[in-house]
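One chain is shown next in structure tokens, namely the form predicted alone.
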């Protein structure tokens, strides 16, 4: 089912619920409208580079705080997120959906807890600074919880340069809440306030979606270029994808930044691209790896976006030389990671059962060929994957 159809269904159910509340005087119809908005906004996520996605529903939950009693808030958030997680397209597994539901409910309840914590800290809850501070705390709270979940699950924390989505979400949530209830409750616009002030947040969402689409197009182009040597029979099928995946795992193990990991992955996908520009080698011979790297790096460096990947590709074969025979190249560590990942895949031929002796073969080389830090990271990564045992 498309997102548009889901939105239409949610809007229809919200209108019916609002009509029922109004007709039977069970409560304010605003709660039904905001509950439907909570469900619908879960289908929209801010997806900045370098951090986990942030759902727009966080902002709607902040609006619900001044619009409801504690019991009403708990019911709307609980039921709303239950329905929202049920209609999402991902995650696919039941267990993953249950974990996401638990995370969303926890984030929703933390929003109200943070708001009340600030408001109850003083007797004068009508002061503008206090109300705005409480709303700020409520808007920041779910972002902090989401970051903690990501840190536990993926062992990474979003850098400051990836916090633009956080700022857009927090400020919009505060504006939407003030727009609904006002600061002192007098002359409040009601539902028109959140509707008006959600426009900047939706604009931010659209901008991030365009950026994500551009990045997907870039990655698809890189993947297509990386497949060219395989299609020409110059490298083993699946080699560049396996090398890229292993190189990123090794870079993460060595605590490289997300930006460096992206460049490392691009270099791994394209590290054989230079072979397509060289003459076919004589029967029984292979291309000179330095010539392949030089040719590929020349092409990559012609594009500013790919120049860092070109430095990594250029560094990889030159690092085979003994110390003192060549100047220290930029991206030396990334080049060592690429070299180890590529050599490991060539030794194993993509077969996991060959992992143990491939690692042993890498360790038997001269000390200047493979960096000990990278080999240690390779052992740790393979051990976690169950491909090595402590005895190996």
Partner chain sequence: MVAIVAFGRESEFLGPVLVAAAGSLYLPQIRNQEWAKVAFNLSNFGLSTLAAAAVHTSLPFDTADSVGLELLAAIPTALTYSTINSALLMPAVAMVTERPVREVAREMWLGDLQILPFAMLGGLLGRLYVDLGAWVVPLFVAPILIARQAFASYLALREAQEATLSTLIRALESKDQYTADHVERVARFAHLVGIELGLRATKLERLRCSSLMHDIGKLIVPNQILNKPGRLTEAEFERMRDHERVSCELLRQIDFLAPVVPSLEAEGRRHEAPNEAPIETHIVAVADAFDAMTSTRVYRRALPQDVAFAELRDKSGTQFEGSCVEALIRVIERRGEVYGAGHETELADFAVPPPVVGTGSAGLGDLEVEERTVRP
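The model shown is predicted, which means the values in this text are computed figures rather than measured ones. Positions refer to the first chain, counted from 1. We call the rigid core whatever largest set of C-alpha positions still superposes within 1.5 Å between the two forms.
Separately, the form predicted together with its partner chain exists; it is not shown, and the next lines address it.
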Assert contact residue (its partner chain, in the predicted complex, non-hydrogen atom within 4.5 Å, options 152, 302, 94, 86) equals 302
Check 196, 273 and 278: does every one of them have a heavy atom within 4.5 Å of its partner chain in the predicted complex?
yes
Please name which of the stretches 170-178, 138-146, 98-106, 244-252 has residues with heavy atoms lying within 4.5 Å of its partner chain in the predicted complex.
170-178
4.5 Å heavy atom contact, residue 231 to its partner chain in the predicted complex
yes
Might residue 257 be said to contact its partner chain in the predicted complex, defining contact as any heavy atom within 4.5 Å?
no
Can you tell me if residue 265 lies within 4.5 angstroms of its partner chain in the predicted complex, counting non-hydrogen atoms only?
no
Any non-hydrogen atom of residue 215 within 4.5 angstroms of its partner chain in the predicted complex
yes
Return yes or no for residue 272: a CA shift of at least 2 Å between this form and the one not shown, with the rigid core superposed?
yes
Superposed on the rigid core, does the Cα of residue 309 end up 2 angstroms or more away between this form and the one not shown?
yes
